[in-house]
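Just the one chain here, laid out as structure tokens, in the form predicted on its own.
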Amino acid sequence: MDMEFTEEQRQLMNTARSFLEKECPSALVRELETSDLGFSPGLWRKMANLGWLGLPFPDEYGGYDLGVIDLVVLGKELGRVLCPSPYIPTVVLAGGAIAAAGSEEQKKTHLPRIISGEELIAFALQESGGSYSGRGIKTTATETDGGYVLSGTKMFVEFAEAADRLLVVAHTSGDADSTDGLTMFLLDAKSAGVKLTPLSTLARDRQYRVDLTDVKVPGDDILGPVDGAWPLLEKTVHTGVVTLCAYMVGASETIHHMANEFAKERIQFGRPIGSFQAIQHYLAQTITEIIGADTLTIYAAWALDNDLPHRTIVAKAKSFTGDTFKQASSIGAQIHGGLGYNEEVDTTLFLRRGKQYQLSMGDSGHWEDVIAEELLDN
């Protein structure tokens, strides 16, 4: 495995960093926390114009056919500025599922619209049990004339209010404890029987509870094989998780940099607080953990790109990176002293997200269970 980025990846990194530092300052992040959509449609269009929404898709649909490591490169830069966007749910998860399992007609219909920024798709997998996998899904889809009827509840569905469609994973057979019998549906977000309830979150982002009550879905909106979704969807889910890991690594690097600079400038007892051993140890330990999280994330992306066994690697990356971001944001706020917990100071933007993203897309407990399962099976 080569840990060095290619010239093209370094160019993507530099372009993204320059663009996002200008277009997504912390003032915009704060503004979007209270906006109706929770993201900037104008910024989303600019991201589309830069080609970012097409990174993982085949060129015949207008994409660039790049790999998971390229998503990691971009994800880190989005995380550095805490850019709020539907990139992971629409591009990586829903778009990835369409690319992996969709019919040719579905790919030609939806992928170009995702790439151009015209279509937003919310990804509805997780339910109340907290698992971020094919197990624990209680939503059902019952066959009727010409289609299916969906009933159930999905939790933490990002940007559902702004979405044109919902990608819903439901059981067409089997039971909630099994990944067998799962099917994907790409339904109109405004369908009768769809009820959205906003959820209050630490990050103040746009997440929803989605209640599905006898929602009719035509047969044309089935995505992939009936009863056979999970083998096709699992890699896409893991790709989304790794992209979130990259986002957390980028955010961790920013809050560490902020704390390090503050430690150089803040004078206490006649000298910079960074000269005190306790502060030095905090900063040293944090950057070591961030480098570890970065390495695990890139390794997981490399395994996905090379079709190697990746389930345990992704689990380790998410568990460790989530804990690292939470710790880095907490230490960063502490080094700033009382000022670090002031709502007007940017440390609080990272502090709130540090805890939430540790829990997002499966908490540490969920992914540690995956690691333990793999250990016991071998």
Partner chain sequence: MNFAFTKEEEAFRAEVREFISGAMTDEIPSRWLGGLLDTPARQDFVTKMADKGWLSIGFPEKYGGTESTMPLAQYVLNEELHMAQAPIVGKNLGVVVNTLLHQGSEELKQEFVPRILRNEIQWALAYTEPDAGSDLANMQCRAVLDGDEYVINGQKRFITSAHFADYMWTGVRTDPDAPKHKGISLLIIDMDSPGITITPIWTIIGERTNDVFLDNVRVPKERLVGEENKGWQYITEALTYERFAMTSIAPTVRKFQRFVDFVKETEVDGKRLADDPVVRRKIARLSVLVEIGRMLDFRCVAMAVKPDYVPYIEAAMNKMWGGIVETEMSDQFLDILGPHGYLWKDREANASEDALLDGDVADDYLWAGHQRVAAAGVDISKNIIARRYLNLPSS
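Note that the structure is a prediction, hence the values are computed from the model and not measured. Positions refer to the first chain, counted from 1.
If you look for the form predicted in complex with the partner chain, you will not find it shown, but the lines that follow are about it.
Chemist: Going by heavy atoms within 4.5 Å, which of 222 to 230, 200 to 208, 183 to 191, 289 to 297 lines up against the partner chain in the predicted complex?
Modeler: Stretch with heavy atoms near the partner: 289 to 297.
Chemist: State yes or no: in the predicted complex, is some non-hydrogen atom of K108 no more than 4.5 angstroms from a non-hydrogen atom of the partner chain?
Modeler: Looking in the predicted complex, residue contacts with the partner chain do not include K108, since no heavy atom lies within 4.5 Å.
Chemist: Is D323 close enough to the partner chain in the predicted complex to count, meaning some heavy atom within 4.5 Å?
Modeler: It does: once the partner chain is placed as it appears in the predicted complex, D323 has a heavy atom within 4.5 Å of it.
Chemist: Would K316 count as touching the partner chain in the predicted complex under a 4.5 Å heavy atom rule?
Modeler: Contact with the partner chain, yes.
Chemist: Give a yes or no for P25: in the predicted complex, does one of its heavy atoms lie within 4.5 Å of a heavy atom belonging to the partner chain?
Modeler: Residue-level check for P25: no, no contact with the partner chain.
Chemist: Work out which of H256, K154, H171, H238 lies within 4.5 Å of the partner chain in the predicted complex, going by heavy atoms.
Modeler: Here the answer is residue option H256.
Chemist: Counting only non-hydrogen atoms and a 4.5 Å cut-off, give the residues of 251 to 285 close to the partner chain in the predicted complex.
Modeler: Counting only heavy atoms within 4.5 Å of the partner chain in the predicted complex, the contacting residues of 251 to 285 are H256, N260, A263, K264, R271, P272, G274, S275, Q277, Q280, H281, L283, A284, Q285.
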